[in-house]
Each structure stands twice: as C-alpha cells, then as structure tokens.
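Only one chain is included here, represented as structure tokens and corresponding to the form predicted alone.
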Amino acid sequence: MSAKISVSKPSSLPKKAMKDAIVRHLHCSLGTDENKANNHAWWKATCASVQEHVLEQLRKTQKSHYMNDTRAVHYFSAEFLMGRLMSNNLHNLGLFEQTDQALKELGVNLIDIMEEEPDMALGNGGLGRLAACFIDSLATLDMPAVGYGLHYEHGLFRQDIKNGEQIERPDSWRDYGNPWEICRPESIQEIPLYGYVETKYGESGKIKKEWHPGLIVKGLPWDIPVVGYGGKTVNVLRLWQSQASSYFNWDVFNAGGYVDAQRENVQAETISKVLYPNDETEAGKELRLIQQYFFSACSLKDIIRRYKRAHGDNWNRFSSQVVIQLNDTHPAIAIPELMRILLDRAELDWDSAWKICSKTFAYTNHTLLPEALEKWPARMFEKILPRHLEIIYEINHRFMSEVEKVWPGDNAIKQKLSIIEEGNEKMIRMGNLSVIGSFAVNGVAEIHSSLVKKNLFPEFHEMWPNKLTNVTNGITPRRWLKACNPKLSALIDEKIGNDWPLHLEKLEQLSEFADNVKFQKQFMKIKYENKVTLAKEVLALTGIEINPKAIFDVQIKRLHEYKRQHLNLLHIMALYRRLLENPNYVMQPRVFIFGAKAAPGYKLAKDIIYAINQVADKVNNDKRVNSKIKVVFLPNYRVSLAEKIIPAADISEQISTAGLEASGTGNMKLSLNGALTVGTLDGANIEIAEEVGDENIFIFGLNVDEVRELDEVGYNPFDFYYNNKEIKAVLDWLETDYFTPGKPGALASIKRSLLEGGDPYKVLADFESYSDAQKKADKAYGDKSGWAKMAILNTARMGKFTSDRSIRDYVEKIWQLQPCKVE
C-alpha cells in the first residue's frame, strides 16, 4: 500500500490578505504600531497570521479523523527536536513568497524576523530530530497520527564555551511564550506516583489490586500543530507539562512556612523542567524514571479518553484503532501502564488484557550499545511505581514459561531473556520488556537491524522470526533542502520541476547534468555562496575568520566516544604536525567545523570538547601553517544552526566505529546538500554508499566483522602506539602543555582512554585508514570539475532517504494505516 500524494501548489491567498492579517495582529494581538514594532513584535504578528490558517486546517483534520473513525499511530518519544517552525510552516502552507512580499511592503525582512524564533528545546540529537521528521511526513502523507512527549521548560541545556570548556546554562526557550503552541486545560490528566498496593478479595474470591498513590501530579497538555506539505493535513504534537495537583497550601503559608507552602508545587513542576536530568545521582535517576512514566501515562489516558468517546467501554476494537510506537526504551513503561488500566480499571482478565496490550505496541530500537538499553533498579520501581513492578514480574513469569517450552531447562537463556536482571541488585531491563510487549520491533538501517537480530536479540528473533524487521531512517527534504538551502532548491526546480519535495526519487534526474560544465558551475557557485554565509555566522559566533574557498569539513552530532570526534581531532593534530615539519606540505586549505554537546555527567566527552578548542586556539593563531588549517567549534549546536552549516559543507564526517551507529540522519542531510561523506561502513553510511556509488564517497576503516574479529583475538592499542610514529607523536603531544600553556597534561585524559582505557572504539586501529581517506578527499577536491560531479551525484541519489519513504515502510510493515484525506 502506498499513499498517493500530489504536489503542493502555492496558496491562493493574496499578498494583501497576508499583509492585512499581519498588521491586524500587530494592532489587536500585540497592542503596538508599525512605527514602534521591533523585529520580535513583527515575528509574533506574522506567526499569529500564519497560525490562523494552521488552526483552521487542524480543525478540519480532527473533524475528518473523527468522522472516519480512523486507526491512528501515536508516536511516543522523549524527544522532538522541532527547531524553528515559521519557515517550515510557511513553506508547507505555500505562503512563503506572499509573506515575504507582504513584509517587504511593510519595510520588514522575513529572514531577519525568523531569527527571532528560538529553537524549541525539546530534544538532544538524532533521535529527537528523527521524531520531528517523522511527524512532518505523517502529516504530509495524510496519515492520522499524534506525537506525544514532554513539554520541557529548559530542554537539554544551552551550551556556552568558556576558556575552551563546555558550560551548561538553562535553555529558556519559552521565556516570551511560544506562538505556535496551544494550551489545552480541558484535557488535563492526573497521574499517581509512590504509595502502596492493597490486595482485595471480591465476593467470588477474585483478587483485585488497588494502588493507593502517595502523590498525584497533573499533566497539562500543550499542542503544537504539525503542518503537512501542501497544508491539507495538520496533525498534533501533544506535550505534557507537570503541575502540582493542589497549587498552594494556604495553612502552611499563613503559619509562616512561605517556602514549604510551595514545596509540592516545585516537586511536581520539576518533572517537566529539564530533558534528561543528570542520572549520575540517585535523585537524577528517580526523576528520569518519573519523567518517562509521567508522559507515557498522560498519553495513554489521553488516547483512552478519545477512544471511549467513540467506542464507550467496548475494548474489543482498541488494538485495531490504536497503534503506539515506542521511540526507543524511554516510553517502555507504557506497556505495564496499559496492563494496569486494563486489569485494575477495566477489570479484564490477564489473557484478554495481554492480547490487547501486545497488539498495540511497536518498538524502535536505536542502539546496540548495552549501556544505552535502559535498566532501572527494582527497588526504585517498588518505591515509585509499586503496582507496575507487580505487573512486570507477572509478565516475566508468564514469558519465562514460554521460554521453557522453546529451550527446556536452559537457565542461561532464561537469564538472558528475562526482564529481571539478577545480580548485586535486581534490575528491570526495559529493552527486553519492549520486545516482549510489542507486536513489532524494528532497527533503523539494514546493517543495524541485521545486528539487532544477530547480536542484540538473537533468541527473541528465534522465538518470533517475524517480529524483528527493518525500517531505514529518513529525513524530510522540505526542511533539509527546500527550506534550508533555497538557492539550490530553486536551481533544482528549474531543472526537474518543483514536485521533488514530495517525490525525492525525482532528484535522480539531476544525474543527467552531473557532467554538464554549466550546471557544475551553477551548483558550486551556490555552495560557495552558502559557505560565505556560514563564514559570516562563524565570525559572529566565535570571532574566527575562515576562508570560503577552503574545504569545509563538518562533524556535527552529539559528543560521544563512539562517534569519534577524537579521531577527527587526532587527524587535525597530525596535519598540523606535518605542516610544522614541512611548511611546503601540499594540501588544500581546510576548515574543520564541529558542533556538539556533551552530556553534563560525561567527563571524557567534555574533555574532548576542551581539547578541540585548545587545539583550535593554537592552530588558528599559528602563522606557520599559513591558514591551511582552521578549526572551529560552534557553541550550542541545534537545529537552526544545522540549517546554516549543512548547505555549506563540502565534507561530511560520519566516522563512528562500525556496528555502533544505528543509522545516523546527519549523513543523509549533508549528502542531500552536496557534501561528500568520509565514513565507516556503519549505520546508513552503507546504504548511502550503495546509492551514490563507491566512487562518490570516501569509505575507510574496519567493518563490523573486522571489529568483532579484532575483539576476539585481543585488541592492544599499544601496538598501534609503538608501531606508528605519527600516532605516538600526536598522543604524546597531549601530555605536554603545548596546547594548554602552563597546564601540562590537561589533555592527557584522551591519551589515557586510548591506551590504558583500551581504546574501546578502535580509534587507533582506524587512524591510518582514516588519514589515507582524508588524503584521497584532499586530492579529489583539487579537481574542481570532478568534485562538482561527485557533489551533484550525492544530491541526485538521495531519493531513498526521505522520511516519507520511511513512513510508508512503517505503514506497510507495522502500522497498517490508511490515509485520510482532508480538504
């Protein structure tokens, strides 16, 4: 089944109508005048004018879904990295040109006022941006869908760089309100926490469980409309804000306890305060578990409320109307929560409840790293969610009986598959719970899904051979080419027509122009203009001047050892050393651009950021390298910054250890915008290489099997340290004070992690191959026509990696949805 979609036509709304609406909102909504309005006021008035159209289509969409009693997907995700919405909504509604012209007549520049919009701080990295792309595609394909998450007050954090070090600041993205969101107090949910479970016996001897909570927290929903391309379907992203169930204790306040009177309020509101609180502490762990339960429980209650409105107390149709996609293990607690509702509230028997539950949930796995598959202490469940612990034990008990039938007497397999991990402390394995409680489990790239079956969950795959499947990730070309790279989009329109944002496979037609000298020049002129724009942004943010004629070499992603920003850093240091030893060393001038946040409790990741900045400071100010190398670390990497970096990139660094990156989506965005990948055979890099051709990508390093073989024979990083003079020299450099004057050894933790720490991510094993790939890329850039051809072919062959294709795959393989047209 594939949804038939047609190209968006520019809205018929006249420019004058948009101009009048903006002025009306400036006067009536903001109470100000054209003569005194600043850019922020113009931005809010323009948002309000656009929102009129958004809300009208939202009303029609919801009515259409209700009248057709549609089966819908409910996408549960701890992150939705939405970025800015003005540009996206204007493009999707077909109102960009009219709005631009209307504002020009009012003496205002649309691009300037769009800079007033803060990024919605609702995510961290690829997981959250993927969720945002998916809900965009669901609306574009007319699929009934609701996104569910948390309404974080501060999001992750705003990253400042001070003396080279990451400093975390609150990201107060809602200080002045958010014009796109709507508060829905009529749909508040009450969520229980703590307390104890009472066992009761009915007249017939039937056991009934009653949870007496110690605390009730309110969930207040905020709705962000999600506009599909063409502006027909507008779905909703519903985010939950936590509040105390009773706002204020007057008796305590009047007795002089001014702070204590608000204690419960502060405790409750903390739940939706920050994305991923630091879980190095016991309190941080508890808060994370409460966050996950809070948003999952609010969302389930909301789904059930809407289901009952149409179907009353008849649960027979629930799993045919409702599918819930768990985006990683963060919302896995929804499985025992639905069981609790069905058992304790609807009073169904266990088998009926489990049948409904196990046909409702599907689970996306995003990682092969064991430490990223969440585990919670059983004692923490007992304290915060006592009834859920009982239900998890029962799910596990019944599942162990199934395992016994398949592997009689095999306790080793039982230990591996059990939801309960026995050890010094009993732990609840949320990954195992997600697989057992879902009807479908998918990985996010061909290699990743194959490793999930082979290495991560092989016994589950043996038990349920049809449960584990693959859906390769994708990105929305509306944001990641049409909106963020308007000059290239216009050139593509001119060559192949303007319906490619809905049918990305049509980009293949650009291949015909890959050898065309005129087209090559047009394509690379746009790339150069994007680089000039980024150079201005870099100067404004960091004070560093960079040359737009140099190679822009980009690594933008979360800072983690497996993503190997430190491999990139060691290569930069090696290049710098080569230039110092031989001032005539031949290389194309290159600017290395990093954007990355490190988790607050992840010391080595923060040390790597510090090292990048210290090396940058030394290299950028060393006249001996004659500006052949510049290094830039852009602070506070986020969606709106990515939208400026990606169109300007020449080289895309996708250098994770093979077998550890589930998919990646930055690799797709960069390649779509004509950057060439330097990458390992990992995640979606493998599929990108298949699409663009081996001659248009720079692959290096160990593959998945070679990494495993190296581990099996015993990997010793000291072998590479002593046998490669360049590796030894660069690592020894980190122990001196060359990059940190007066502070010898300030960067030595990186060397220690690679040698004494055993180099778990094979940085030294891949260094020489990486260096060779970079030499090939350097040589290729010297051939201007050859490079242009490769860049064009990267853009032309990215059709597979649209999130529309990903969503069609989910619809056909897992969700079984039907599109619902909205006029």
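In this text, residue numbers run from 1 along the sequence as written. Bear in mind that the values here come from a model prediction, so they are computed numbers and not experimental data.
Omitted here: the form predicted together with a small molecule. The next part is about that form.
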Requested in this report: Determine whether any heavy atom of Gly125 comes within 4.5 Å of a heavy atom of the small molecule in the predicted complex, and answer yes or no.
Outcome: yes
Determine whether any heavy atom of Thr665 comes within 4.5 Å of a heavy atom of the small molecule in the predicted complex, and answer yes or no. yes
message = Under a 4.5 Å heavy atom criterion, is Pro277 part of the interface with the small molecule in the predicted complex?
response = yes
Please check if Glu653 has a heavy atom lying within 4.5 Å of any heavy atom of the small molecule in the predicted complex.
no
The one residue among His330, Arg638, Arg564, Arg387 placing a heavy atom within 4.5 Å of the small molecule in the predicted complex is His330
Exactly one of Arg174, Arg752, Arg288, Arg306 comes within 4.5 Å of the small molecule in the predicted complex through a heavy atom, and that residue is Arg288
Exactly one listed stretch (654-662, 570-578, 462-470, 613-621) reaches within 4.5 angstroms of the small molecule in the predicted complex by non-hydrogen atoms, and it is 654-662
